[in-house]
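Heads up, the chain below is alone and in the form predicted alone; it's given as structure tokens.
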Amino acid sequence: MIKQAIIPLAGQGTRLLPLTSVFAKELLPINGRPGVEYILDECIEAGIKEIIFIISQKKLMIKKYFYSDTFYKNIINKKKDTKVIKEYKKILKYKKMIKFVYQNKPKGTGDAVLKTKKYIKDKYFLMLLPDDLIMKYNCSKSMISAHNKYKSSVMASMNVNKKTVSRWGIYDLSKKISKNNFLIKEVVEKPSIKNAPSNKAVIGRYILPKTIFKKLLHQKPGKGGEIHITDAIQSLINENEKFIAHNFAGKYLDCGTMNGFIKSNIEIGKL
């Protein structure tokens, strides 16, 4: 069973400037709620018991959000506001599940994952990227079902516009396993349009094996001088470890750009 999830939150959020010059992008409100809470609720509904946040010293605001007990208690003692009490209980529920680790230098998602090495207990764990919201249908839950069935690593998959493949990790698939699951032959980080093996992209949900830490320990920087999780995944695929691309059923929202952030507010407001 998948019981632990990690969420990399140390990124600077430059695509959401100027908002992120003063505010952590994961706490920016989407239809009245911090974006990270949608990710947390997805984890809880999928049966996750422990969540590891990877933050930096520059983003201590995120930790403070879950540790503002004095602030809430003072308001509750003065006003007995039921809405505030409900909000505080929700924060307490989240806080019980969360651990914090630090990535103070932006060396890439692979490096962020490596920071959690000593905390991961089981053979597999879930990773969610906070810029990617998947609404209406729990993607993590359906991926865990696929993992339980095929006893392998699983990554979310979606067709993207060919003109945008350089934004994503892109799959080359070897064969179809079932209606929504495909065996991955190769994954390439941010390829050019010319070199992209397909238009099937990794979306920010991964079920990864604990063995990936050994690869990340010796992983050389890739594109942009960063350590990419996709490069470590490819190393495992080369050693015949099975990775499945899972076509998810939910509605995908990209919250990592200003246009996407605005659209996400509108779309979630309709739900």
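Start at 1 and count along the sequence shown; that's the residue number. Since this is a predicted model, take the numbers as computed values, not measurements.
Just so it is clear, the following notes concern the form predicted together with ligand G1P, a form of the same protein that is not shown.
The partner is not drawn, yet in the model of the complex one stretch among 202-210, 32-40, 217-225, 61-69 has residues with heavy atoms inside 4.5 Å of ligand G1P: 202-210. Interface membership of Asp111, defined by any non-hydrogen atom within 4.5 Å of ligand G1P in the model of the complex, is ruled out. Contact annotation: Arg167 falls within 4.5 Å of ligand G1P in the model of the complex, judged by heavy atom distances. Of the heavy atoms in Lys107, none are within 4.5 Å of ligand G1P in the model of the complex. Although the partner is absent from this view, Lys190 contacts ligand G1P in the model of the complex, with a non-hydrogen atom inside 4.5 angstroms. Contact with ligand G1P in the model of the complex, defined as a heavy atom within 4.5 Å, holds for exactly one of Met97, Ala196, Leu129, Val101, namely Leu129. Interface residues of 230-249, taken as those with a heavy atom within 4.5 Å of ligand G1P in the model of the complex (partner not displayed), are limited to Thr230.
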